[in-house]
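What follows is a single chain, given as structure tokens, in the form predicted alone.
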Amino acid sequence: MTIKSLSLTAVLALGASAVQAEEVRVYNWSDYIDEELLSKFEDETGIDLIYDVFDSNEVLETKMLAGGSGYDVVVPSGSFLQRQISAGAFQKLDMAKLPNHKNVWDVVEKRTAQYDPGNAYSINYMWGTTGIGVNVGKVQELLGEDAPIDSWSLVFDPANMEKLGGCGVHFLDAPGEMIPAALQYLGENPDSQDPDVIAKAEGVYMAVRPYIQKFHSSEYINALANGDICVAVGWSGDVLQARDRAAEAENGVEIAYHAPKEGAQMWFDQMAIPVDAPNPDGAHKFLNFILDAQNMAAASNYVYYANGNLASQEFLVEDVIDDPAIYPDAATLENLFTTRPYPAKVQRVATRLWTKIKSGI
């Protein structure tokens, strides 16, 4: 064997090794996908999937704005996506590599376009509302049969919270969700970017702060399901996951979710490709896989969130597609609000305010 042929053999071997070693790195929210889909992607593509999780937009944003995240696909919420697009953190999608993009739902795309004009940088993964999850039996025991479980007053009226504090109340650690909720309760514009209006949320939270057990964006799922807490301000699908876990455990815990009647926030979690993604081609393969109608349906059927894929709806189980807490009726949709990202100066105000609220000082 000549030296030349040996070199060629070595090159071919290295090439084969490189193909085998291809991987896609995804950074998504915790408890947010059917893990069987991850194995299915690897089986169908031969690509190794490295799947990491986070539980707050702030954690993801820190990585994105610092650059060099090392991920190929990330999943920010709409308002955070908008700010990160402006900062140049993402690359435009190559629609030629996304043939399943034909499955998207125009109703959702019209709303996500406010964060991603033309939906050029992202696809919708899931969407839902921010509202209130309750242990029905415990709450009615403490507040009576007519407890306002469909109103922000349940968690923002100190008289209610004083009674609920003993059975455990968790709030999201998400100022972009919680400050607008307090403003909505006050009758203010939840999308206000006026620091003086935003400051009004402080009084709402400080009045109930002694009765809030924890600020966390994922622990409330199991805490509700196990009966460890009786109220959580959380995301719709998370509360419904808690409801189903409690039902499966047959532990006597009945969980209900409500988007408060005063109006609740509608949010969108978008899949996007970082501008410095190590494997953008693999990232497109992953997005196209998720855009497949049956794959997206499998994800929604597992996490109990609505998605932005119209073609998937025929594959959704009745518990998902027919549940108004997941796919709201037209009247409820009309009552939902969305928010824009805070400008940098206002964001600093909101961050300081939230830090103060959490510390209770």
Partner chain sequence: MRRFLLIAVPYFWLLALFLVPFVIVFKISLSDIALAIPPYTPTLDFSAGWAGVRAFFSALDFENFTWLTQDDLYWKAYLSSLWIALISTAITLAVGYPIAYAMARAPEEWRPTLMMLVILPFWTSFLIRVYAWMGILSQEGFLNQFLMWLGIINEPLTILNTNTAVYIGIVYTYLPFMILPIYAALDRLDESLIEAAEDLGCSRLSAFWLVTVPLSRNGIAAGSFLVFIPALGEFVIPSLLGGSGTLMIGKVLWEEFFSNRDWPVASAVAIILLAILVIPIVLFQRNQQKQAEAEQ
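Numbering follows the first chain given and starts at 1. All figures in this text were calculated on a predicted structure; none of them were measured in a lab.
The form predicted together with its partner chain is left out here; the points below concern that form.
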{"query": "Heavy atom of each of Lys92, Tyr115 and Glu262 within 4.5 Å of its partner chain in the model of the complex", "finding": "no"}
{"query": "In the model of the complex, the residue from Pro99, Gly88, Gly252, Gly203 that sits within 4.5 Å of its partner chain by heavy atoms", "finding": "Gly88"}
{"query": "Proximity to its partner chain in the model of the complex (heavy atom, within 4.5 Å), stretch among 207-215, 193-201, 242-250, 125-133", "finding": "207-215"}
{"query": "Proximity of Val53 to its partner chain in the model of the complex, heavy atoms at 4.5 Å", "finding": "no"}
{"query": "Its partner chain contact at Leu65 in the model of the complex, heavy atom, 4.5 Å", "finding": "yes"}
{"query": "Distance check, Asp34 to its partner chain in the model of the complex, heavy atom within 4.5 Å", "finding": "no"}
{"query": "Thr338: touches its partner chain in the model of the complex, heavy atom cutoff 4.5 angstroms", "finding": "no"}
